[in-house]
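Consider the single chain below, provided in structure tokens and representing the form predicted alone.
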């Protein structure tokens, strides 16, 4: 199963603002299950990469401290018609990827 991503973005004056909503539980591994008394297993996004026309623009490392279903927004140098790609990997190896052509 892949990580679901909804992405939007538009360019103005050579700078694009790219917004993404990521569907992910972001479980830190510290929270306890009240019924069993055992912790929920850790499952969080640890790598977020944004590239413009194949060139890496953002490389971020996240942890379990980020909330569930995170929203992110970044600004990158890009023009209308450029292709922006968001690639995500979590600590269990699950991945997600979305590509957007800027307006």
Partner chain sequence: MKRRSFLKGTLATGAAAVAVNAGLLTPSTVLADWNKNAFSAKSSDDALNSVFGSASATAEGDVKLKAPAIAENGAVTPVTVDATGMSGVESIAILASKNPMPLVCTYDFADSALGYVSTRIKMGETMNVVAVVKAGGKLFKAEQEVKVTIGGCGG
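Numbering follows the first chain given and starts at 1. Here the structure is a predicted model, which means the values were calculated and not measured.
One more form of this protein exists, namely the form predicted in complex with the partner chain; it is left out here, but the text below deals with it.
K.L.:
May I ask you to state whether residue 67 is within 4.5 Å of the partner chain in the predicted bound form, using heavy atom distances?
P.N.:
Yes - in the predicted bound form, heavy atoms of residue 67 and the partner chain come within 4.5 Å of each other.
K.L.:
Taking heavy atoms and a 4.5 Å cut-off, does residue 80 contact the partner chain in the predicted bound form?
P.N.:
The answer is no: residue 80 has no heavy atom within 4.5 Å of the partner chain.
K.L.:
Any chance residue 36 has a heavy atom within 4.5 Å of the partner chain in the predicted bound form?
P.N.:
Because no heavy atom of residue 36 falls inside 4.5 Å of the partner chain in the predicted bound form, the answer is no.
K.L.:
Going by a heavy atom distance of 4.5 Å, is residue 91 a contact of the partner chain in the predicted bound form?
P.N.:
Contact with the partner chain, yes.
K.L.:
Within 4.5 Å of the partner chain in the predicted bound form, counting any non-hydrogen atom, which residues from 36 to 66 show up?
P.N.:
Stretch hits, in order: 44, 46, 49, 56, 57, 58, 59, 60, 61, 62, 63, 64, 65, 66.
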